[in-house]
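What follows is a single chain, given as structure tokens, in the form predicted alone.
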Amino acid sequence: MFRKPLKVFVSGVLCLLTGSGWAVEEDSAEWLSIVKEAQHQTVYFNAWGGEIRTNRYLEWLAGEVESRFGIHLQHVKLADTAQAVSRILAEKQAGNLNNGSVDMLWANGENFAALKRNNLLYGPWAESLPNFLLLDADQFPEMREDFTVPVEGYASPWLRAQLVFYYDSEYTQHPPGSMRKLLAWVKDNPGEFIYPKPPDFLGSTFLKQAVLELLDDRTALYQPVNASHFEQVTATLWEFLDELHPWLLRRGRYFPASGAQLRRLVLDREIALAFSFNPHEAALGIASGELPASSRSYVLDGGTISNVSFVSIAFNSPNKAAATVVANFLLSPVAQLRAQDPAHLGSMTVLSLNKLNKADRQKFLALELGAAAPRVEQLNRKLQEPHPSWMAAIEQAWLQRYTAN
């Protein structure tokens, strides 16, 4: 049975099999034995199910790992990743150490931190994946850090994401380039902006973006929340929101539940400015008919929050071999190309193009992102995610402040 983490193989030749889209070390008998063991195993992949494009991508993934490796992948659709975290913790407390119901899960921020803190993760294993070599993690340290928390091999990168704003260019040609300019813009264009209600991830990210921009000294945000100075650190955020809310759609008395509802509001011309954590949201929305063709996107002048999505394996997964093979395939050029293609998921690859062979690199460079996508140089303006404890604390304070009545 597959129990121990993979050993790191420093010898051997990396052979990129572009036809199959994944990399193997030719002398790694252990990896090949894991692939063999993974056959006929079922991986219960617990991941957020609230976005149709992601769901379709995972349907494609299931078909690929079935045909390539004989692995059955079941997407367990979550409304909140904390559901899976609670299930794993309950199983551990009940003494279920080897036959858990969660194999692999998409967990970031506070959820990953909670899993790691409570020893609920299998590992370390991620840096032993053959395809991990395609990330160039030494050059891109974010591949080893999740919301400031060191990953230490307990999670494997999957996708990049970054907050971008998009707007209806038929309505406005000069969208605001900062949070303070947003406030002025909304006062000039009342009712033309809204954000999702926290704890929706996108709505909470908007709050984090605001507090990062409004603070002169961000140091505290990259440390665990200290209750004694929480109010001091967030004071400018609440002042900003108190002034902003009366000018929002329906005077801030209604907040949509998700990014999908934001797209609908833009399509229906109820609002002219929105945002997404997928840089290609506008291009994808135009192609699917979910956004007007006049939609365009951009990054705020001072940069926007960026992070890497990770997948982890539960400590008591009975299908660790198959979960490891799936995680490795997610890092293959073929899987990453489809993930970045606006015709499919439209996310951003975690691979370093310099690590790819010429043919695969050219496929990424040839992707047509369209006029609605932000410029590449804009996406270089990145802000680091705050410590995960800030997200939960800000969400709770927001709910108490704006939904108590």
Partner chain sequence: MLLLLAIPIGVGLLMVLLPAFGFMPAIGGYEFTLAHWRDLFAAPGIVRSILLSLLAGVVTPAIALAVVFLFMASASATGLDRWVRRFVSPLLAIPHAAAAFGLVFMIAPAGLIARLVSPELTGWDRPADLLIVNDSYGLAMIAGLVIKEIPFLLLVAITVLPQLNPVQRVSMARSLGYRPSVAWLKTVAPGLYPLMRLPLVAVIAFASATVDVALILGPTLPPTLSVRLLGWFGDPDLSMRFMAAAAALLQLGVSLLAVASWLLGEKLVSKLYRLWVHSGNRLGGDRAIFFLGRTLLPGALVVIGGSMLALLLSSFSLSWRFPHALPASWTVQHWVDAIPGMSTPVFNTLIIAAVSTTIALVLVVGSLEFEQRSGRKQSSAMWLLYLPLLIPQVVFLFGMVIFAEFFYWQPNLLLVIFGHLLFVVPYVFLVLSEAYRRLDPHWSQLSATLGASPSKTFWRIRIPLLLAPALSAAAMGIAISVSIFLPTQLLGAGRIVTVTTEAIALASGGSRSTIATWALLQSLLPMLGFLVALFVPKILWQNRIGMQEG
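None of these values were measured; they are calculated from a predicted model. Numbering follows the first chain given and starts at 1.
From this point on, the text means the form predicted together with the partner chain, which you will not see here.
Participant: Would all three of 204, 376 and 382 be in contact with the partner chain in the model of the complex, where contact means some heavy atom lies within 4.5 Å?
Facilitator: The answer is no; none of 204, 376 and 382 reaches the partner chain.
Participant: Does the partner chain get within 4.5 angstroms of any non-hydrogen atom of residue 241 in the model of the complex?
Facilitator: No.
Participant: If you check in the model of the complex, is residue 255 within 4.5 Å of the partner chain, heavy atoms only?
Facilitator: Result yes; residue 255 sits at the interface with the partner chain in the model of the complex.
Participant: Answer for residue 236 alone: is it within 4.5 Å of the partner chain in the model of the complex, judged on heavy atom distances?
Facilitator: Close contact is absent here: in the model of the complex, residue 236 is far from the partner chain, nothing within 4.5 Å, heavy atoms only.
Participant: Please check if residue 51 has a heavy atom lying within 4.5 Å of any heavy atom of the partner chain in the model of the complex.
Facilitator: Contact with the partner chain, yes.
Participant: 228 to 236, 270 to 278, 136 to 144, 204 to 212: which one contacts the partner chain in the model of the complex at 4.5 Å, heavy atom to heavy atom?
Facilitator: That would be stretch 270 to 278.
Participant: Among 39, 55, 362, 33, which has any heavy atom within 4.5 Å of the partner chain in the model of the complex?
Facilitator: The option sitting close enough to the partner is 55.
Participant: With the partner chain taken in the model of the complex, which residues across 276 to 302 come within 4.5 angstroms through any non-hydrogen atom?
Facilitator: Residues within 4.5 Å: 288, 289, 290, 292, 294.
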